[in-house]
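Same chain, two versions here, written out as structure tokens and called structure 1 and structure 2.
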Structure 1
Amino acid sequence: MARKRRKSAPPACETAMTASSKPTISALPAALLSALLPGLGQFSARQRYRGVSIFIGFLILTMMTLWYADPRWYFSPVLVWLWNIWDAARQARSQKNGFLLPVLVGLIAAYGIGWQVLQIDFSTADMNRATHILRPMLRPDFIQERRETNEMWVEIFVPCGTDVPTARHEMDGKVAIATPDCAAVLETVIVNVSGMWPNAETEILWETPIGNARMLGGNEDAMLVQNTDENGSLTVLIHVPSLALAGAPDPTLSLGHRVYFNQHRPIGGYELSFVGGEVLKGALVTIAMALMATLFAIILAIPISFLAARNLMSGNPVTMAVYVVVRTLLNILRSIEALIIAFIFVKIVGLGPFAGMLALAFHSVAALAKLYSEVIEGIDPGPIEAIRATGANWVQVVRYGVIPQIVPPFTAFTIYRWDINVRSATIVGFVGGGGIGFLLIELIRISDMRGVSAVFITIAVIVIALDYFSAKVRERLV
């Protein structure tokens, strides 16, 4: 008679795994717990990560909809809450479930509220205004026809004071006279000029004592142009511009301002325009700012990076404390954008490229030191351990075990940072940091869109050229 074989009991480890994988709560209590607090039912069913994720997501979605306070979006947290109850019951039955529905609802609510917060309305676009802006940009102001210039000016004192000289100026057979000899802001002055080229367009501008030119057209943002008669004479009524005294140390002090009459006529050939020349000078200043900022940053970032490398500073509690302090300071400095730092340096050293260079250098020190330290932390530890085994000190370890490994990546990161600084140099110019960015904001202010187009093209050429150059150099260093 055959002996019946006894079934062997499963191993203890398998039994424990099976028991641990079963939910410790039934479907109804899990659903009730998630109804009270989203994610609690999943947490009780040993789906702790899932439960915490559901709770945080539901909390963020609820706070977002309550903050915006638009009843049309209140359905989103309610829908997620109902899904959470259903999901808790499924998890209690060991049934798998995805996150597609709550993620989709959350994204719809987030993008919908974002659309309303940003007040996106494409119907507000004015095609006439866009055409007025974009059409001049198709003709960037780089070059112009060579031309001969005929210029005349007369000095007017603003405001009136004692012993004001007569507003009359003679030069090369040309005469300019202003009546009265002085005036206050917004008062009218009659200016007559004779001896200019006959029947020619004449640009009329106002120049302040510090050399700032003010246009006299509509709203002081357009050029005032009139034609001379057959005798080369022109009479014009001018309102003293409201910005004539802008920046004056004492508005009550009577100072001489000039009214200029400029005529131009072509003489053949082409030459760099005034704006084109300023764009090229601004581009050179921008590149120099980035280059000098990167140089100063390298000088400071290299020694700091060794103090911020964990593998070099973890030898004893003192060096470890130095590492923590340096790394914390680098993280704080990197979080402050160069544009914000430029505001501070403009206040300290004044307007100009020096302030912009200091801002870029300040930010680049933290950025480069962080990159350099990560390179040092990723080097091969073998040479370092071998040199330490010989009894070498910290300086010798760095000299013979670290530096030979870091020169190529340091060079690549430095070139990459210079590339970034060239782009940032354009932005810091917006707040008075000099360079092509300062010129760009001035051209935008006076609505010279041809000049703006020239700046855009120049910036694009510089960035593309530097991208190509830096990429080629980094390829050779790898």
Structure 2
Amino acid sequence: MARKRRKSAPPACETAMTASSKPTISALPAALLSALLPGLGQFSARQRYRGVSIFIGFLILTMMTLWYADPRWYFSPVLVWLWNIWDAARQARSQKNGFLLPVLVGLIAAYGIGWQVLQIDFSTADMNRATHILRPMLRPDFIQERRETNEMWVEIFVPCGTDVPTARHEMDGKVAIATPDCAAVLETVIVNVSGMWPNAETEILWETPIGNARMLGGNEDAMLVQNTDENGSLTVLIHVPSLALAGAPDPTLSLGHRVYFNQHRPIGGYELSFVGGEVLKGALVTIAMALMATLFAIILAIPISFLAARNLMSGNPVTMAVYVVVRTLLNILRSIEALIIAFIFVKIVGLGPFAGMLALAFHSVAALAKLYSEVIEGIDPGPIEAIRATGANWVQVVRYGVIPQIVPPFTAFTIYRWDINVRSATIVGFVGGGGIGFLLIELIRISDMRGVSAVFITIAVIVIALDYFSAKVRERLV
């Protein structure tokens, strides 16, 4: 690379400094000048480019170290300053000098400070936690076995009051009995159920009157699972959970709590899980968001692109001014990511895919208008002239001379933009713009890594498929 540059710009480079272009300054003043202002000595020794580079580099390095204000890094600008004095003297004597030292010092300082600023600390990269995150991700929550459920319950009153009904419940030939009929928190109850499926795993669960489920296994933090005998009966000893009355409006009031017995068995085949369904819905919304955003962007970008096409607007000062203003606005808008625009739209129209769509459309207008205007600038005037020469009116000239030239590249750029918009639609969802991104954030929040994994797979499939599709279409059009 360095070799190449020397070849391409010989007069400005140190290797070409021969007797033909003697520096105008001797070593000592050059060194003094550089001591005063880094790069000035080199500048005076006719090494303009070198001098300016040194000055800018020194300025950035100094600003960076001063900003970080850690005295340990102050050595770097000082070192570069010293080198620059020595270099000025050498340049004045037309001696060759490399850039290795200051570049190295600058890089060490930049990466060192960067490392500290970014709080890079690999000790936080807890591999244990990583396994806990990754293991469920290997089983994405997309589909589940289709299964049927056999459910039974019995009502127990907590705490005991007057006129407690008998804790016995019959349903579809199944009978569940609890003794005693009522109990206080943490007291023991014997529950018996019969008529269930024989020899099957049965989940036993407590439900409070307001519908909160409480675990009964372990320290009330795991599902209690027991097997029924060959007759479909099961007897189990349970403790009324300590949190049975948590959230109850009046803990002294005797109310009916339920003990549930749930059995599941597969009935063959698979079905979409709840999360899987949400993921697909989110994917649909994301793609639709990108589609609508692209559509609105096209509608706005086409007229704007004509205003941003230099060949159409350079006619007189007024249109030229319009051109400059439009171009500048487009460039500013383009440098603001869609996510940032989405922040603002969410504040204006509220959460939901509409806000995300507007943000994407806004960003795309700027991007598309620029691409379109470049297409218009690249139009070949020849065919237009030829069609005018046949006696066509201006509508026909546009239809046969202009449109065939711009439609294929417009289409190619638009599909390319749609492709980008689908990716952006995912992240626009993060700020509440709806779609699969919003779902991803929610799943992360509740630590459902199996769901997160389903989202990741869906995103990859969509993006890769779209990539392929848009590449194919562009290949055919261009």
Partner chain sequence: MLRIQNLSKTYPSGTQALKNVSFDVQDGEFMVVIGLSGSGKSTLLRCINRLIDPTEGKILWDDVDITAAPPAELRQIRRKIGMVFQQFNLVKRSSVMTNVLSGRLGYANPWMSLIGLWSADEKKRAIDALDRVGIADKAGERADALSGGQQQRVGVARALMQEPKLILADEPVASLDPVLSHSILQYLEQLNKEGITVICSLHFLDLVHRYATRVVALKDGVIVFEGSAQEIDRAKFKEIYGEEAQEVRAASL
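What you see is a predicted model, and the numbers here were worked out from it, not measured in a lab. By rigid core we mean the largest C-alpha set that fits within 1.5 Å across both forms. Residues are numbered by position in structure 1's sequence, first residue being 1.
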item: Correct structure when looking for the form predicted together with the partner chain; value: 2
item: Post core alignment: E271 C-alpha displaced by 2 Å or more between structure 1 and structure 2; value: no
item: Shift of I287 between structure 1 and structure 2 at or above 2 Å (CA, core fit); value: no
item: V191: Cα shift of 2 Å or greater between structure 1 and structure 2 (core-aligned); value: yes
item: Per-residue CA shift, P404 (Å; core superposed between structure 1 and structure 2); value: 3.3
item: Distance moved by the C160 C-alpha between structure 1 and structure 2 (core-aligned, Å); value: 21.8
